[in-house]
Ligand code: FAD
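First, one chain by itself in C-alpha cells, the form predicted alone.
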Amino acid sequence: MPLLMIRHTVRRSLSTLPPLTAQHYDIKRGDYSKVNDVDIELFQSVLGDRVLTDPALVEPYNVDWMRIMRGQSKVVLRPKTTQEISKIMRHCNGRKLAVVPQGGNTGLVGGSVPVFDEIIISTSLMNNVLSLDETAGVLVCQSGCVLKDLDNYLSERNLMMPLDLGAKGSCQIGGNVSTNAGGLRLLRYGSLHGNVLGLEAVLASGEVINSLSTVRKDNTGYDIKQLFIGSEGTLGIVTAVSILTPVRPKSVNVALVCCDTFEQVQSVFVTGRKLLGEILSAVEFFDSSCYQLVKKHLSLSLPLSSHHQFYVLIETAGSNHSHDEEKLSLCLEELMSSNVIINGTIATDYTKMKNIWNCRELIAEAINKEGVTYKYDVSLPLKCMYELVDIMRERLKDKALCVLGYGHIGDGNLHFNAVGGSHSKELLDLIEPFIFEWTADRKGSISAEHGLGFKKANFINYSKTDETVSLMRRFKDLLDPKGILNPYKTLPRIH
C-alpha cells in the first residue's frame, strides 16, 4: 500500500480508534527498557529499511482487528528470515526490550497487539514455501504465509491445507499454529496438534529451536513442538512450520437444513455422523439472528425461508460425486421423514455452495457492522451448547442490541456474541465473569480455539487448575526468564 494511502486511512479512522488498552484496563507497565536511537540503529543494521518508525505507518499495527485493543508501540520490525529474528531477539533480550509477534492480526483476544510500547515483530514478509513433498503430502513453509495463499498453492497440486478459517484471506500459518486455530473442518481433519509435524521457533534469547521434522512418526524424546502450538508467542516466535496436507477431495457437496429447536440441530449432527460416516467434513450452525444480520449488512441470502430458528450447514468431501450426493440425499430424506428438519436443500453447483458458505463465514463481519461486539469463544457439551445464548439473552435483555450464537456443532465450539451500541462497562460486567463461570460449571473451556491473549488471561483458572497454571508459568520462566515475549498475555497478570 502506498505511503500516502496508509496515512490517509489512518487519519480517516483516528476518530474511531479504541481507547489505549493500558489506560482502559488500568494495568502497570512491566519493568522493561524503552527503545532508544541506539536500538533503532541496531535494528536498521539487521533489517535495513524494513524498520518502521513513522507513527502513521506504525499505528495500524497497534490496533487489533476488532478495534477494541490499542497499544503504544513506536517501532515495527519486518524481518524476512529466521536469522534476522534471532539477531533481533538476542539484542532485545540483552536490553530487556519487550516484543510482541504479529502475523495477520486477525485474533479476537488481543494477543497480537502491544499493551504498552512493546516492539512489534511482523512476520508478513516471511512468506515463502520452503519445500513440498507431494508424495507424503508434507509442506514446509515460513510462518508468514497467508493461509489462503498456501491453500491456493496446494490446490494446483491436488492437495489442501487441513484447516480453513473465515479469516483465511489474511491470517498467517504462524499465527494459526501459535493459537492452535481450529476452524471449520476440525471434525474431518483434526487439530493442529495432530497435523503439525514440526516447527522452527526463536526463543527470547535468540536461540533457534529447529524441530522441522517431516516424518509422521517421530517418537524420540519429548515432543517439543507441542509446547509452541497454542502458546500465543509467549514461549518463542514460530518462524517455520512443517504440516500435513490432505489430498484435495474430488467431490464436495453442501446441504443446508432448517430447524426450529436446538434439539433438532443436535439430531442433525447425530444422524449425519451415522449416515455420512467418512465423507462428513463439516457441520456448522447459526441462529436466525445471525442470518438477519448477514442479510441486513452484506445483502446475502439463503435458498430457504428466513423464518426458522436455526440453520445447519452440512458438508461432505469424498472421491465419488454420485455416491456422495446419494448418501447426502438419503441423509436429508431420513431427517425429513423423522421430522428433525423443517426444510432442506443440496447445493448442486459451486456458486450455490459458495453462497451458503459465505452466509456462515461472514457472520463475524456482519456482526461487527451492527455495533460494538463482545465476542466469546467457548466449548461446551453438545447438549447445553446453545443454552448459554438463551440464558444470556434473558440476562442482558435491553442492555444489548442483539445476542446471537453460531459455531462448529461437530466439536462443541460456540461463538457467542453480544452487540452493544457503544463500549459499555455495564454490559461487560453483565457478561464477565458470568459467562466463564457458567462454562466452567459445565466442564467446558473458556477458549475453544481463539486462545487467551490479553482479554482472557486473567480468567485462565476457569479452565485450568492452579497446579497447571503454575507449571505453565515455570515453562515460561525457563524459556523466557526476562518475560520479554508477548508480556501481559495468556498467563494471569501478577499485580
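Here the structure is a predicted model, which means the values were calculated and not measured. All residue numbers refer to positions in the sequence shown, first residue = 1.
Keep in mind that the form predicted together with this ligand is not shown, yet the notes after this line are about it.
Across the proposed site, Gln264, Gln309 and Gly344 without exception lack any heavy atom within 4.5 Å of this ligand in the predicted complex. Residue-level contacts in the predicted complex: of Pro79, Gly104, Gly410, Gly71, one residue has a heavy atom within 4.5 Å of this ligand, and it is Gly104.
When this ligand is considered in the predicted complex, Gly166 lines it closely, a heavy atom lying within 4.5 Å. Interface membership of Tyr462, defined by any non-hydrogen atom within 4.5 Å of this ligand in the predicted complex, is ruled out. Residue contact check for Cys359: none of its heavy atoms lie within 4.5 Å of this ligand in the predicted complex.
Taking the partner from the other structure, this ligand in the predicted complex has no heavy atom within 4.5 Å of any heavy atom of Gly405. Considering this ligand in the predicted complex, the lone stretch of 242 to 250, 272 to 280, 107 to 115, 150 to 158 in range is 107 to 115 [heavy atom distance within 4.5 Å]. Residues of 64 to 95 placing a heavy atom within 4.5 Å of this ligand in the predicted complex: Trp65 alone.
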